[in-house]
Each structure stands twice: as structure tokens, then as C-alpha cells.
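Next up: a single chain in C-alpha cells, the form predicted alone.
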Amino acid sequence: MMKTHDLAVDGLRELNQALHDADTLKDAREWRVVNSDGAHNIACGINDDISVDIDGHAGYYCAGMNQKASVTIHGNTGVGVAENMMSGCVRVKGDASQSAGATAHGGLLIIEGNASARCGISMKGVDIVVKGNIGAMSAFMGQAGRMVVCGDAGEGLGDSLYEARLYVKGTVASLGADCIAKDMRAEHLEELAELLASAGIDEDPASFTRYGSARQLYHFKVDNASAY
């Protein structure tokens, strides 16, 4: 059964409470949120295998801390969409502001438009697929997970990167400290093809460049002091 929640009438607190209420979710596994009007903190902290469609723009931290749920935003999102996501899928039909997918441990974040600065900052296992471009300092201190960019990347991509794997089709304005281009082997082409398919994006994996850590900043070396 599809349940519609009107934020202009029923309120944000009531929506988030309902999305955490086990008795309510027994009879309502599919949700439609209308009159979102750029409200902050929509559909945060869900911990159930439900679907939520947000008809309109969302503000800060939409679908933050998501677990298991499938959340689709039919518009743009503010800072920190899917921040600290653990599992599930979050899809943004428009553009995403800064820090999309920040610190996320798992799940899949799909941005069909562009993502602003610091996309995937401190990512810890999430998969992020961006159909457009990403801004400066994206994947900064990325520890684990995969990021796919079908457009261009801004300055400082992958600065202080750990073991996150980055795939970019377009141009990269500049690489951050300790981030380098790497060979695309067969396993990477296969991995990238699976990520693109999961996001519903038709691109040739062979047209991407892989970037990763040079592993020179893991431990302090006095010879590298200028890079810190």
C-alpha cells in the first residue's frame, strides 16, 4: 500500500516518527512525500526495507544514516545527502550540494545530476555513482568504497586517499596529495560495469580512468613533510 505524507499538513517530525514506527510500517511499505519544500532532515535514520519517494527538493542531510531503505529524491538536495549511510539505496534525480555521501559506510548513492564539493568525503565503504560532474576535494580521505564519475572532477580529487577506488570518465582539474592514476585491469573493468549497471547508467567502462592511493602518506616520513 502506498502512503502519502504531505509535509505542509502533517509535518516533518511526524513523517520521521512514522518511518521508524514498526506498527505503521507493517501496512505501509511504500511512501510518497509531497510538498517537501526543501525541508531539512527528511527520511533520516530509516532502519527498514521500505521505499520513500520525495516529490520535490530536499534540504540538508536528506536520507542521512539510512539503513536498508530505498529513498528517491525527485529534485535537488542540500548538504550531506545520505550522510553516514550504512546500507540501502539513495537516488537523487537532480543535483546534490556539498558533502554528498559523507562518511557513509555502505549502500549505493546515485546522483543523476552534478555533485558539489567534497562528494564522498571520508567515505568508508559506500558506492557513489555520479552521472554529472563533482566539485573540489571530492573523496578527501576516502577510506573504502567506490566512486564513479561520468563527468569531470574538480581540484584536489582524492586528497589524502586511503583505499577508496575512484573512476572518472572526464577530466580531473587536479589530483590531491597521494592520489595517482592507476591501470585499469580486467577486474576493475568488471567492477565498474557492475556499478554502472546498478545505477542504470549506460557508459563504456573502458572510457574511464582509475585513481587510487599512492600509499605514501600512511605513515609520517620527514621527506614528505611538505605534502602534509
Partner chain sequence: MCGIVGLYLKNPALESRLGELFEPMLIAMTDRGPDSAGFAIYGDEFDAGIKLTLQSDGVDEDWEAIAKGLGEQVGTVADWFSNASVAVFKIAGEESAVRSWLADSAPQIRVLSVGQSIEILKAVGLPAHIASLYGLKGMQGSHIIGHTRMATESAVTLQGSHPFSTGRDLCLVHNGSLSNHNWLRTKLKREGISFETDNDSEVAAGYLTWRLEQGDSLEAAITGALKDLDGFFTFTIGTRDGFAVVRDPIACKPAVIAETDDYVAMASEYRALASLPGIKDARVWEPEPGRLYLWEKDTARSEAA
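All values derive from a computational prediction rather than experimental measurement. Residue numbers count along the first chain shown, from 1.
Here the subject shifts to the form predicted together with its partner chain, a form of this protein not shown in this document.
Although the partner is absent from this view, D95 contacts its partner chain in the predicted bound form, with a non-hydrogen atom inside 4.5 angstroms. Within 4.5 Å of some heavy atom of its partner chain in the predicted bound form lies at least one heavy atom of D37. R118 belongs to the set of residues with a heavy atom inside 4.5 Å of its partner chain in the predicted bound form.
Although the partner is absent here, N76 lies within 4.5 Å of its partner chain in the predicted bound form, judged by heavy atoms.
Just one listed stretch, out of 183-191, 168-176, 22-30, 38-46, contacts its partner chain in the predicted bound form at the 4.5 Å heavy atom level, and that stretch is 38-46.
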